[in-house]
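Before any questions on binding or motion, here is one chain by itself as structure tokens, the form predicted on its own.
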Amino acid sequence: MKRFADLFAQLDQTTRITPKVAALAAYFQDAPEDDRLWTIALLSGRRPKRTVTTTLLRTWAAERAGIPLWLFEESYPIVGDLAETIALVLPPATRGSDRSLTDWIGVIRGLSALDEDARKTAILSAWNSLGPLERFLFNKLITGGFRMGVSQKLMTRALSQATGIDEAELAHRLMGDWTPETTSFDALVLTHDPAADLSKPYPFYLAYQLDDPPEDHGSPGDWHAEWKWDGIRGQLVIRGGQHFVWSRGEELMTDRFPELAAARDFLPDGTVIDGEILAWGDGAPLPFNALQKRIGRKTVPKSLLRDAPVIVKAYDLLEWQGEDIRARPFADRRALLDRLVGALPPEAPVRLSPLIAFDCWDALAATRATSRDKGAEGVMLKHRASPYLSGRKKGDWWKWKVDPLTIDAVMIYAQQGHGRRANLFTDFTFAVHDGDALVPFTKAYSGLTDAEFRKITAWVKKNTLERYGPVRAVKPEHVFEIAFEGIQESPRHKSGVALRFPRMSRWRHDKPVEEANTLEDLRAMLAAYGQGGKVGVDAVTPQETD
């Protein structure tokens, strides 16, 4: 654990990429194999499950520190992190420990089999044998909230330096349905057998947002364009007579979309398709909230299978006849995809995502403007010669999203943030007018600069009307422009609507509260843009909310 804590300290002390990669590479060369494997697992999101509730941890930490629980609870939001708060309030350890990272993870995983008293004894013993930083990391692992400030891409680069294995090859080896309990460092990294895991997907190629004019990217003839569908990016893998469905977040989701099993009847073995999982009905995508109802379910009731059937809109072909074809130009992969998917019958759960014909950038811009009518978020640009790479790379793939919807709203509640923003008010609730009342309709916590957060924090402290635990009701004096990607009906909210990806796009110092938008404006936007609807004559457009 000391070696792992030293690694964490080195990574935490710099924001520069080169020192982070060097520290990780040195660790992967020198650490025990089991610890190397667990470090890879932690950095790729494979954390041990939470085995003790945070309520018990707070209670035991306050008791061990000899402080009242209320004082611990007051300290927590100021520190901004539960694991760090516990590590700070506990008295110094009275003994040491040389146990490895793997040993301590074994202790944590074993807690679930113990009764509450035995768990308490085990945790107090651990706290009493770990130094401050090791104790902090132990707490992070217990709560299941471990983060190391290193992307999987940087971890893979460091592992490549330590082993001499190509980075792109390593990225593929680390994909799939593995855990430290089901493999070893040697089997996963050094002597990888491609046939060992038929379900293994490929690393996803991710696009950058197009902010510059598309004209800057050369001739339109060098590019393919297609719709950017609003669903779940995924890979459909057909191997060994089985099918597997993976999300972009590397989550195996096969059981959540049972209708995709029929793909085995239409696609040959050795096929991997990159595409978008969409709820689909009457020849068009259903609203994202129809799909959202299925995302968190391990089993899907017949009613949801009937009301929100899914298909895969195929973007790209990554494996063909068992061969990895990612290095081929996109134009060639797309031609194969057209032949494979384009001729499938309507009952097949895989459909081709059509290319958008355009002969000039202005024509594509005009098509892009109709994206919401198509149930899309915008268009994708892919260079005809581009290979299918790993991760986010600039140059060949771009997402050209439509401008967000916006509405002006009044801030009515504020709450402090966490981590480095624990001393700032960063989480806000916003409302719109409904007659003489203000009706809350969304929360947002991003979009402002650090200077603006400091300014609004000072104002909140002076203008608090009431407190509800960590939440403060404030004077309704400030208007913010809220940007969002979509709007849908929501019976759970008093306003009757819910926004998708809301954030603060600007602080409207120029606008008095009386000129903020109304609930009727929100309902008009719902009619225009929600539930797959199209813009009506009287709908509120993004410009009309300015």
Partner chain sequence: MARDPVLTFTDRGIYCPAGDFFVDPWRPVDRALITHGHADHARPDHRRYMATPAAAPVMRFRLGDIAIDTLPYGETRRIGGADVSFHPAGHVPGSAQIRIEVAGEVWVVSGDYKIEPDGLCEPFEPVRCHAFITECTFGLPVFSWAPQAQVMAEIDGWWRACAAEGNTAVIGAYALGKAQRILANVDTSIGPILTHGAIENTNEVLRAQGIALPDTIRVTPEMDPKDHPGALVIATPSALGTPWMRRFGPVSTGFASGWMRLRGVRRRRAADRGFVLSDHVDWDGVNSAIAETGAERVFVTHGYTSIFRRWLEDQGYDARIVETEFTGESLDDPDPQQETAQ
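Computed from a predicted structure; not experimentally measured. Residue numbers count along the first chain shown, from 1.
One more form of this protein should be noted, the form predicted together with the partner chain, which is absent from this view; the next part is about it.
Undergrad: Taking the partner as it appears in the model of the complex, which of 234-242, 118-126, 448-456, 393-401 has residues with heavy atoms within 4.5 Å of the partner chain?
TA: Looking at the other structure, the answer is 448-456.
Undergrad: Would S247 count as touching the partner chain in the model of the complex under a 4.5 Å heavy atom rule?
TA: S247: no contact with the partner chain in the model of the complex.
Undergrad: With a cut-off of 4.5 Å between heavy atoms, is F8 one of the residues that contacts the partner chain in the model of the complex?
TA: So F8 counts as contacting the partner chain.
Undergrad: Please run the contact check for I67 against the partner chain in the model of the complex: heavy atoms, 4.5 angstroms, yes or no?
TA: Close contact exists here: in the model of the complex, I67 approaches the partner chain to within 4.5 Å, heavy atoms only.
Undergrad: Flag N423 as yes or no: does it have a non-hydrogen atom within 4.5 angstroms of any non-hydrogen atom of the partner chain in the model of the complex?
TA: Output for N423 is yes: heavy atoms within 4.5 Å of the partner chain.
Undergrad: Could you check which residue among V79, L188, I311, A263 gets a heavy atom within 4.5 Å of the partner chain in the model of the complex?
TA: Only one listed residue qualifies here, and that residue is V79.
Undergrad: Within 4.5 Å, heavy atoms only, which of R339, R95, K462, R306 is in contact with the partner chain in the model of the complex?
TA: Here the answer is residue option K462.
Undergrad: Mind checking whether each of Q209, Q292 and R297 has a heavy atom within 4.5 Å of the partner chain in the model of the complex?
TA: No, none of Q209, Q292 and R297 comes within 4.5 Å of the partner chain in the model of the complex.
Undergrad: With the partner left out here, which residues of 1-30 have a non-hydrogen atom within 4.5 Å of the partner chain in the model of the complex?
TA: In sequence order, F8, D12, Q13, T14, T15, R16 come within 4.5 Å of the partner.
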